[in-house]
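Next up: just one chain, as structure tokens, the form predicted alone.
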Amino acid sequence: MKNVTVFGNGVLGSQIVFQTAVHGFRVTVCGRSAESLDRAKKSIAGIAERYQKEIPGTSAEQIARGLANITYTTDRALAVADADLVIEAIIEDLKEKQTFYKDISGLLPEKTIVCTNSSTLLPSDMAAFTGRPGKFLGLHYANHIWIQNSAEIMGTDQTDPAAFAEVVQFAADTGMVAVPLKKEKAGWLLNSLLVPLCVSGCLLYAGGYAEPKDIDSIWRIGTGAPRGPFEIMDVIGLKTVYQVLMMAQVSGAKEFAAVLKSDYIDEGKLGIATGEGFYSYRK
């Protein structure tokens, strides 16, 4: 693999772009508008700065080469014209993703392998819409991927083992610890562990038992973890948390999702990305 195209340039999409580019791959970012690409460029530039600060031994030349490996376009056909791999990191909505795959299916070269970075949806729910179920699978990253560098790879019953192996190798070649799953699991491994923690934190807060900072504090002290559930949710982004809560089969989750929307999301408090969520990050 040499040419990678990424659709979706939000928090994690932008991280995937730079992580891939700094490891020597040519990456095309495809956005819906010139404005969205401008936002992506600023986000990726910020990630590049953090990367150099947080990865010991990273030179300015490496960062510059990584940024030079990235191109930007709003033209979907041009974006995938020579793609060896397409990574989809758009909104976490099944119908949106199905429509996206249907729209690009006729544009893809025969060689192209397609991966979804969906954190909660099963690849098998989208495979038929891609027009290439044998070359479709899931590739899921953790946030802050240059430090928390796990990449889970999950196929469907229709995924070609050769395509699966190529994606495992790609993950390793981009600095990830590749973790293959033996079969499909909603929530993958990481989120199957993480979501119950965050939901439990939300329900403790919603029930009036304690404030977010105290819930986080008891988790950090009691487990040695670097962040508590509310700190983690601010990093993830509260829009994504809202979507996860709406899908969670846990009593009280949807009720708290409504509060999250009215008291935080509708007020523009989306987490670290906007400077405020459960905590304030404004300087």
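Given the structure is predicted, the values throughout are model-derived calculations rather than measurements. One rule holds for the numbers: they count along the sequence shown, beginning at 1.
Only in words, not in the display: the form predicted in complex with a further copy of the same chain, which the text now covers.
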{"property": "Option touching a further copy of the same chain, based on a heavy atom within 4.5 Å in the model of the complex, out of T99, T74, S200, T71", "result": "S200"}
{"property": "Residue (of Q148, Q169, Q158, S105) lying close to a further copy of the same chain in the model of the complex, criterion heavy atoms within 4.5 Å", "result": "Q148"}
{"property": "Contact check for E184, L194 and T223 against a further copy of the same chain in the model of the complex, heavy atom at 4.5 Å", "result": "yes"}
{"property": "Segment assignment from 105-113, 120-128, 205-213, 75-83: heavy atom within 4.5 Å of a further copy of the same chain in the model of the complex", "result": "205-213"}
{"property": "Non-hydrogen atom contact A163 with a further copy of the same chain in the model of the complex at 4.5 angstroms", "result": "no"}
{"property": "is_contact(L94, a further copy of the same chain) in the model of the complex, heavy atom dist at most 4.5 Å", "result": "no"}
{"property": "Contact of A34 with a further copy of the same chain in the model of the complex (heavy atom, 4.5 Å)", "result": "no"}
{"property": "a further copy of the same chain contact in the model of the complex: V179, any heavy atom under 4.5 Å", "result": "yes"}
